[in-house]
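Given as structure tokens, the chain that follows is alone and in the form predicted alone.
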Amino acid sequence: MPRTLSAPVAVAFDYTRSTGPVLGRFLTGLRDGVVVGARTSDGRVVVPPPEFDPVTHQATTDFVQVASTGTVTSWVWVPEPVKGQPFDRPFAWALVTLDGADVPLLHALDVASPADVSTGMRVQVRWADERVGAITDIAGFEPVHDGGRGASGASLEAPSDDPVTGVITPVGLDYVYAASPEESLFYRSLAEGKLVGQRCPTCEKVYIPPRSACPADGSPTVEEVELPETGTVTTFCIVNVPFLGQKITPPYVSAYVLLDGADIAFLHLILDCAAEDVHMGMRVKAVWKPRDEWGTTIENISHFAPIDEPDADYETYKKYL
């Protein structure tokens, strides 16, 4: 049996959010090189400041500047950092109670080994070379060798004239996808310009992409079935909203296409016609990319396009909606 296929997959997007007046005050402080907390109704100073008082539930308004020095209250060692962490070398995650604060802040502590960390050790902020109003403006903490305490406790009367109002956070996930033997058959067939599914021996339904067992009765699907390039649009969506990384200018149509002879529809693009002309029952045909661009991927098919055939009767596809 041919080996199954696998491929690295990266899912990433930039998450944009407004900060609001409280977190915005904290991030504005980081950009300006100071750490801002908030005093709650029970007298504690919390960093970062909570948006609402945990006791009264009122909006936070009493902002306090705390020191950039503090004390480690707890820590854990990271021997093998992963992508996206503050350092590309071993480091510690530490809870640091900054001077003037009553609640610890979680951040990275840059030390050479676990022997260099201890609960109660004095540390200080190492500021990033370029600050933009994000938690990464604190590049990390480092030991304070003289054990001194920084100034803290000053109330902040007025916000900055140039406050941070929004942040953009990259979000990403990298993993390796391992295809099943049946999926590998499907993708290898695409590399040969064929659409191949598998038939259930019990109910005789044909699934594409194929799966190892029929979802209707659990029977193993072993019989390969090559399907034609033509099919019927069952349901569809007109995409009107642009987004980062979009390859096609809206509006365009993403639709479920039921290939002739199949018992399940699969998702693909409908192009070569106006988006408003796409409808249920429309007959379509696969449009392949140039052969020298093929790989083991569904993207070998650029899209589906309308063909000059009458619409399929609703009764022929209603149970596949």
Partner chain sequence: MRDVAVVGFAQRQMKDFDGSPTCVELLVPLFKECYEQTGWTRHDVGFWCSGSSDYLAGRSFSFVQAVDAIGVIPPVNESHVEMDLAWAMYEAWLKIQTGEVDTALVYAFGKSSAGVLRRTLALQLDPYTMTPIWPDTVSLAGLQARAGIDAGLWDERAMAEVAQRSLTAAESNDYAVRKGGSSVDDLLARPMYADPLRKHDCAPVTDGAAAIVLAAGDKARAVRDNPAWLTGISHHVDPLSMGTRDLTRSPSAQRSGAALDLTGVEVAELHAPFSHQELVLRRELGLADDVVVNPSGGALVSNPMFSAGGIRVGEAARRIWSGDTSKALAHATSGPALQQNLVCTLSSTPEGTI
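Since we're looking at a predicted model, the values are computed, not measured. What we label the rigid core is the largest C-alpha set whose atoms superpose within 1.5 Å from one form to the other. Residue numbers count along the first chain shown, from 1.
This protein has a second form, the form predicted together with its partner chain, left out of what is shown; the following refers to that one.
For the options Asp116, Glu142, Glu223, Asp217, the one in contact with its partner chain in the model of the complex, meaning a heavy atom within 4.5 Å, is Asp217. This chain is displayed alone, yet in the model of the complex one of Val132, Ala213, Ala112, Ala191 has a heavy atom within 4.5 Å of its partner chain; that residue is Ala213. Residues placing heavy atoms within 4.5 Å of its partner chain in the model of the complex fall in a single listed stretch, namely 205 to 213, out of 191 to 199, 122 to 130, 205 to 213, 224 to 232.
Mapping the unseen interface onto this chain, Val103 counts among the residues with a heavy atom inside 4.5 Å of its partner chain in the model of the complex.
Contact annotation for Phe26: at least one heavy atom lies within 4.5 Å of its partner chain in the model of the complex. Within 4.5 Å of any heavy atom of its partner chain in the model of the complex lies no heavy atom of Val64. Heavy atoms of Arg44 reach within 4.5 Å of its partner chain in the model of the complex, making it an interface residue. For the stretch 175 to 195, the set of residues having any non-hydrogen atom within 4.5 angstroms of its partner chain in the model of the complex comprises Tyr175, Val176, Tyr177, Ala178, Ala179, Ser180, Pro181, Glu182, Glu183, in sequence order.
Once both forms are fitted on their core, a CA shift of 2 Å or more is seen for Tyr177 between this form and the one not shown. Comparing the forms between this form and the one not shown, the C-alpha position of Arg126 differs by less than 2 angstroms, with the core used for superposition. Once both forms are overlaid on the rigid core, the distance between the two CA positions of Leu98 between this form and the one not shown is under 2 angstroms.
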